[in-house]
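Starting off, we have a lone chain in the form predicted alone, written out as structure tokens.
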Amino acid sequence: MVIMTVRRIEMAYDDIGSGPALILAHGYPFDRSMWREQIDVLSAQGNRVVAPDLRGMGETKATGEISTMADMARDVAALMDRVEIERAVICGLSMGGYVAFEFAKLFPARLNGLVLAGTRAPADNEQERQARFQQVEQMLANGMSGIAEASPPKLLAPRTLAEKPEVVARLHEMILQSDPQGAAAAQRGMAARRDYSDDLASMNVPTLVMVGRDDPIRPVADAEFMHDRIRDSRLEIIEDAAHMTNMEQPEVFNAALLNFLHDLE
């Protein structure tokens, strides 16, 4: 783990391996440790894997009341400058997917490819925004314990819950360790994000769209919507997985990602 000053924040990140660069952008309210299996496998297969803690998450602290997706994308670009990466594949899961969308809009010349996992293009509707604001109030008042207890059944497939207690425990611990202020800033940022739907038709970078068959939060239809509109895209539906595909079915996730990276060479 390295900590480097990036855009006036102290950003923690892992930088492992050598070869073509892959940036892993984690979901909410998690940190870079969710990518543990990907970092090990992908770096061993000839890739340079960089996994930052996004603004306000993990060991990277927030600097205000809102962490926008565009701010996070600019943080990633600035980190790439600091570690001398000109171009990369950006892989984002859930919130990380929103960061990937913003990166693609802001820095298209720096993209070799996109991976959009468990995410969607449309912005929140009013009901979804209000639910985010309610969670902000809850975490600021009571900390992360209630969210940590309630989240696994919403994020993990029934098979994961029944057969992979270590994944359930890791997920619970990541949420529990999240800083409420940083998580609140990220929630506000997601509530404020723009609609990316109109970006899809003009995206001309190879894209891998991944989704868990059992994901109730970002269902298969959301992935199909993106796949249908992004010209150079492929769709991977992962069985026996819900929202946290990379943790629930890491071998399947890694195989799909490695195949995609290989085809970019």
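When you see a residue number, it is the position in the sequence shown, counting from 1. Treat the numbers as computed from the prediction; the structure is a model and nothing was measured.
Absent from the display: the form predicted together with a small molecule. The rest refers to it.
Trainee: Should residue 52 be classed as touching the small molecule in the predicted bound form when contacts are defined as heavy atoms within 4.5 Å?
Mentor: Answer no; every heavy atom of residue 52 is more than 4.5 Å from the small molecule in the predicted bound form.
Trainee: According to a 4.5 angstroms non-hydrogen atom cut-off, is residue 221 in contact with the small molecule in the predicted bound form?
Mentor: Outside the cut-off, so no.
Trainee: Would you classify residue 217 as touching the small molecule in the predicted bound form, given a 4.5 Å non-hydrogen atom cut-off?
Mentor: Output for residue 217 is yes: heavy atoms within 4.5 Å of the small molecule.
Trainee: Taking heavy atoms only, is residue 98 within 4.5 angstroms of the small molecule in the predicted bound form?
Mentor: Yes, contact at 4.5 Å.
Trainee: Just one of 87 to 95, 176 to 184, 71 to 79, 145 to 153 has residues with a heavy atom within 4.5 Å of the small molecule in the predicted bound form, so point it out.
Mentor: Careful reading of the contacts points to 87 to 95.
Trainee: Which one, 136, 161, 111, 190, lies within 4.5 Å of the small molecule in the predicted bound form by heavy atoms?
Mentor: Partner contact (heavy atom, 4.5 Å) among the options: 190.
Trainee: With the small molecule left out of view, which of 194, 105, 132, 170 would have a heavy atom within 4.5 Å of it in the predicted bound form?
Mentor: If I apply the 4.5 Å criterion carefully, the residue I get is 132.
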